[in-house]
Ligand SMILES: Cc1ncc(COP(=O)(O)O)c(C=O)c1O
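Only one chain is shown below, in structure tokens, and it's the form predicted on its own.
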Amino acid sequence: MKMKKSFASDNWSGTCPEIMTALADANKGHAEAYGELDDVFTARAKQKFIENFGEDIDVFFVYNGTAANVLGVSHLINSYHAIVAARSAHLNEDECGAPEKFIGCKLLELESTDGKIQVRQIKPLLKSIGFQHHAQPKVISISQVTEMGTVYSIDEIKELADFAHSNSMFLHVDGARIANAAVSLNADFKSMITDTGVDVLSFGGTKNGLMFGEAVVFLNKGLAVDFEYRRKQGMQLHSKMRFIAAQFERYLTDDLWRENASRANLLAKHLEEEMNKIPQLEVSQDVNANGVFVYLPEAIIEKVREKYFFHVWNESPQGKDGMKEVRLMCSWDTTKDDVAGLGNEIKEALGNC
């Protein structure tokens, strides 16, 4: 049977029409390779980042989010340093050990039920600083939106940045869903990232309508010195750079990023409402952005996934016998009909149990 819309990941969605048009427009004639000085596409895209984040930044385009995270962080630390992150962080769980392999550093994971980490959890790790037998904590890495669908407030980000800087550390933000976070907070990128003191940001667009490409944004030009060599050595210098740049230029024009993320977030709230109408279900996390986490009876999961695929996030949630925690992701192209279809499929499966 042909699968309908997926709720597995916003990565499963296609490329939005405006980005496809931008790619087609860039596909005319020749342009200087590697984003060099005469590549007008890359120059215009970088200017858009300056408009959104401020003058004292530097931005570098890469292929994917793993590269943005690993290369961005690697430019701040040495192999004897450590990265502090939530256990659920993509950098910790879903990069296939890339930080350990390419940086050679240690990851210090913190437990978190909602995907967020707090200063009080990091403080005990400071005892290692200056002790030559221990890896030295140097970067705090947070995800915005978190892997549990929650969003750090602007004050929470600033508190983490201030704490990092007061202890000679850096703050990195994995912004794979940064647009959804900004919409959730009704904020712009500058107030949420630059003004809070973030040092380096992995800026994602693929989950919100781009075909491919991410960006490493240093919020202080001084931190970016020589990063072009690290990008090249990391095999992330795209020869036809204009096709990444053209997407970001359009994405950051006329608030396309906000339009796409707003739609995804709105449909997630609608999905939350639909799930709350079904007595046997329980929404397990605050719905801050475009992800809905739900306790679903194990007996119906495979049946529902035949038509609407999604991922099981927690096989054995504590105190939820016979239930599993699943993640339902809304995308820029999710519709109310998709949400209604999923809800009806769940109700039908429950009725047949």
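When you see a residue number, it is the position in the sequence shown, counting from 1. Owing to the predicted nature of the structure, the values given are computational and were not obtained by experimental measurement.
Separately, the form predicted together with this ligand exists; it is not shown, and the next lines address it.
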Which of these residues, 231, 116, 90, 138, gets a heavy atom within 4.5 Å of this ligand in the predicted bound form? 90
Does at least one non-hydrogen atom of residue 35 fall within 4.5 angstroms of this ligand in the predicted bound form? no
Using a 4.5 angstroms cut-off on non-hydrogen atoms, would residue 250 count as touching this ligand in the predicted bound form? no
Is the gap between residue 65 and this ligand in the predicted bound form 4.5 Å or less for some heavy atom pair? yes
Does any heavy atom of residue 271 come within 4.5 Å of a heavy atom of this ligand in the predicted bound form? no
If we take heavy atoms and a 4.5 Å cut-off, which stretch out of 173 to 181, 155 to 163, 78 to 86, 278 to 286 is in contact with this ligand in the predicted bound form? 173 to 181
Pick out the residues of 33 to 60 whose heavy atoms come within 4.5 Å of this ligand in the predicted bound form. none
